[in-house]
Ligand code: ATR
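Listed next as structure tokens is one chain, alone, in the form predicted alone.
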């Protein structure tokens, strides 16, 4: 019997997850199907329950439901507990097991695909929302020299650093103090720039010589943050397509017990230019 999986969100029609997981299934010879489910914003739990009743085995959870997925999961991974959010659900008996693969996806993309080791480096995460929260524990596990966060609303960064204190040492830096600091790896985990060309709130001096700039947003053209980094002299930049693919592979391994090779999916979603 074919196992059923899906991505759930609102909106979700744009999601590349079905393409990614179909490629993974073909490559690893898994008998499974994967679809999209757009849940009403006030009916996440009911939609998930219906999917389970119809035989659903696992779900990827995207905006705006990651906090609701956390509340729904009966048991959770350590990284989901640290993040306070769930982006992957696996059917476990009569309930759901919740995981958060976002941070593992970012880390694997940066280190394995782009060859940037975080150990001994100064790392800055821009933002203090769900995306930033999900990646801090895996980033800390890579043993950077320092791991810092900065956010427009300083109180949110302070609160996140306090929440992470039992799990990892994270420094919250006020925006006004960023001008005096330099970082080797800068990760944009905010939505700044998604609504057009706006003034970004960070000083261009945050990039240390030889810095690597990473935006979790993926696009066919450089994002506003990556253009900002290049204007500041940064030559090593990447968007979040790899994060999307690698976090999906992490979830696929949780569901199916095999981790697929991600390289062919990169070529599928972003073919090399002639």
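These numbers were taken from a predicted model, which means no experiment stands behind them. Numbering follows the first chain given and starts at 1.
The following text describes the form predicted together with this ligand, which does not appear among the structures shown.
With a 4.5 Å cutoff on heavy atoms, residue 95 does not count as touching this ligand in the model of the complex; it lies far away. Taking the partner from elsewhere, residue 203 is found to have every heavy atom lying beyond 4.5 Å of this ligand in the model of the complex. Proximity of residue 192 to this ligand in the model of the complex: non-hydrogen atoms within 4.5 Å are present.
For residue 138, no non-hydrogen atom is located within 4.5 Å of this ligand in the model of the complex, even though that partner is not displayed. Checking 71, 176, 119, 198 against this ligand in the model of the complex, a heavy atom within 4.5 Å turns up for just one residue: 198. The contact residue chosen from 187, 86, 131, 106 relative to this ligand in the model of the complex is 131, the criterion being a non-hydrogen atom within 4.5 angstroms. This chain is displayed without this ligand, yet in the model of the complex the stretch 121-129 from 108-116, 161-169, 177-185, 121-129 comes within 4.5 Å of it by heavy atoms. Residue 156 is the only one in 155-183 with at least one heavy atom within 4.5 Å of this ligand in the model of the complex.
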